[in-house]
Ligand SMILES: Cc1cc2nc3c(=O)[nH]c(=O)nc-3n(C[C@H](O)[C@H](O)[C@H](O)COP(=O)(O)OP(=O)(O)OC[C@H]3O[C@@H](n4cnc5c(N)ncnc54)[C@H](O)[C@@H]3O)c2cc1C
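Given next, in structure tokens, is a single chain: the form predicted alone.
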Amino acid sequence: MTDERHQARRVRHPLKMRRLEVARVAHVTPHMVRVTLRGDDLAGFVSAAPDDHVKLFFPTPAGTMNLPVFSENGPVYADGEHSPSRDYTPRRYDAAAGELDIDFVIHGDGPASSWAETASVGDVLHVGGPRGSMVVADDFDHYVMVGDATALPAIGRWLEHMPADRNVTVLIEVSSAEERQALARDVTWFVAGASPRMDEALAALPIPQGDTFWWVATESKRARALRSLLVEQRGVDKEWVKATGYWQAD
């Protein structure tokens, strides 16, 4: 008989491009901006997992938009410079209010950060997806979440929807103490470049009692190293580890 405990569930969603408008802009921390989007195109939006991602499309350097048409073979663009795109986590979706929140880390360069830094009510943003969701089982005894600032939207959303009786350990690294934000559960915060370091804390973290799911989201090379730490050095079941590179260092 197949053991169905702890089985992740993949959900596919119809792929659609949505034209949305900025309804609100708010600073969550000095370097994280929350943009609330609205629009009729939000009808039918589905995000089944806290670490889903949508693809956001921004103007070209010339200020034009060249958006893809989604086909069975992937996105198809018209001739010319493509609109740059970036993957982001849906921080909050409220179907009743018709609102979608996206949190942006402001880091001074790149099309997404530059757009978010100057975003204002009425600005247009095109959003594609999510294409699908990988829904983590809710029957683990313990959950460990590890990430940098780019993982905060996913972690924040996950903690808000997690039942109060679930055991969870959260390690988050931010660029400065001012970038810490209020979340639904207790968090151990780390400041990049300062001691103690998050990676060292994870290496020393006692393995929780019972079955534990480990979720890691950081820079790509670092995420691979942390996965290796858990699976190869600490003996964690590889099926119970999800490590994702949310960005790539130059």
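No experiment lies behind these values; they were computed from the predicted model shown. The first residue of the sequence shown is number 1, and the count goes up from there.
What follows is about the form predicted together with the ligand, which we do not show.
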With the ligand left out of view, choose which of 180, 166, 131, 107 has a non-hydrogen atom within 4.5 angstroms of it in the model of the complex. 107
Out of 87, 81, 94, 123, which one falls within 4.5 Å of the ligand in the model of the complex, going by heavy atoms? 87
Residue 176 within 4.5 Å of the ligand in the model of the complex, heavy atoms: no
Is there a heavy atom of residue 112 no more than 4.5 Å from a heavy atom of the ligand in the model of the complex? yes
Should residue 153 be classed as touching the ligand in the model of the complex when contacts are defined as heavy atoms within 4.5 Å? yes
Distance check, residue 222 to the ligand in the model of the complex, heavy atom within 4.5 Å: no
Contact stretch among 136-144, 112-120, 158-166, 72-80 - heavy atom within 4.5 Å of the ligand in the model of the complex: 112-120
Which residues, if any, of 225-250 lie within 4.5 Å of the ligand in the model of the complex when only heavy atoms count? 245, 246, 247, 248, 249, 250
